[in-house]
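So this first bit is one chain, no partners, the form predicted on its own, shown in structure tokens.
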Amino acid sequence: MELNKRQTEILEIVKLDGPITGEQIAERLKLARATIRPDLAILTMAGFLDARPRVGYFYSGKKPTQSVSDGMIGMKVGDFQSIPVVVNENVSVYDAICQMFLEDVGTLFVVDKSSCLSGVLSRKDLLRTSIGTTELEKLPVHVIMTRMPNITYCKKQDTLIHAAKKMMDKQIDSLPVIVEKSKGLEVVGRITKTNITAAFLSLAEEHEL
């Protein structure tokens, strides 16, 4: 992990004078406490620092990967997933656009007649089609959706770190959470960048002074 200049300065201050409070670190840097809060959260989550209420920040001595493993490996997709927004593969593109905006989501999961995952629709898919097509009410979503095996998904027992890596590798905003059935993949949830960010921030807040 590469630290920026301010994070490096914070780390050196804590190494030399820890335990030290966030307010004292901010005073040394001549910055507001709120300004350095994200840096402290990153350094704590990455394992460079540890924190104790009413004591302060101190250098943990741990390797970053060790601390991340300690703090995050127990976070599972199933504990943070949200309700999926699903449409049938015969629904029109027009109806899918309406559904996406009504539900305020960036991705729709498409299912077949057996209610199993058959495709994914993103905002880009729908925007691209709406620009080039006038009869959106007559065009079914299965014509434009991303199909298997090009769909990236995860399972409830996967870690959030694993799900986040998949999203970063594929440059997508969410994943369907599936359960394998004899008839196919049943969609039981969704995990988004927002879910993962909220989960990791909750971990950081546990160390907030």
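Everything quoted here is computed from the prediction, not taken from an experiment. One-based numbering along the sequence shown.
The protein also exists as the form predicted together with a small molecule; that form is not presented, and the subsequent description refers to it.
- in the model of the complex, segment of 47 to 55, 144 to 152, 157 to 165, 29 to 37 with a heavy atom within 4.5 Å of the small molecule: Going by heavy atoms within 4.5 Å, the stretch is 144 to 152.
- Message: My question is simply whether residue 77 lines the interface with the small molecule in the model of the complex - judged by any non-hydrogen atom within 4.5 Å.
- Response: Contact with the small molecule, no.
- Message: Does any part of residue 99 reach within 4.5 Å of the small molecule in the model of the complex? Heavy atoms only, please.
- Response: Contact with the small molecule, no.
- Query: Within a 4.5 Å heavy atom cut-off, is residue 113 in contact with the small molecule in the model of the complex?
  - Reply: Judged by the heavy-atom cut-off of 4.5 Å, residue 113 is well away from the small molecule in the model of the complex.
- Query: Could you tell me if residue 171 has a non-hydrogen atom within 4.5 Å of the small molecule in the model of the complex?
  - Reply: Output for residue 171 is yes: heavy atoms within 4.5 Å of the small molecule.
- Item | 4.5 Å heavy atom contact with the small molecule in the model of the complex for all of 120, 123 and 176 | Checking in the model of the complex: 120, 123 and 176 are all within 4.5 Å of the small molecule.
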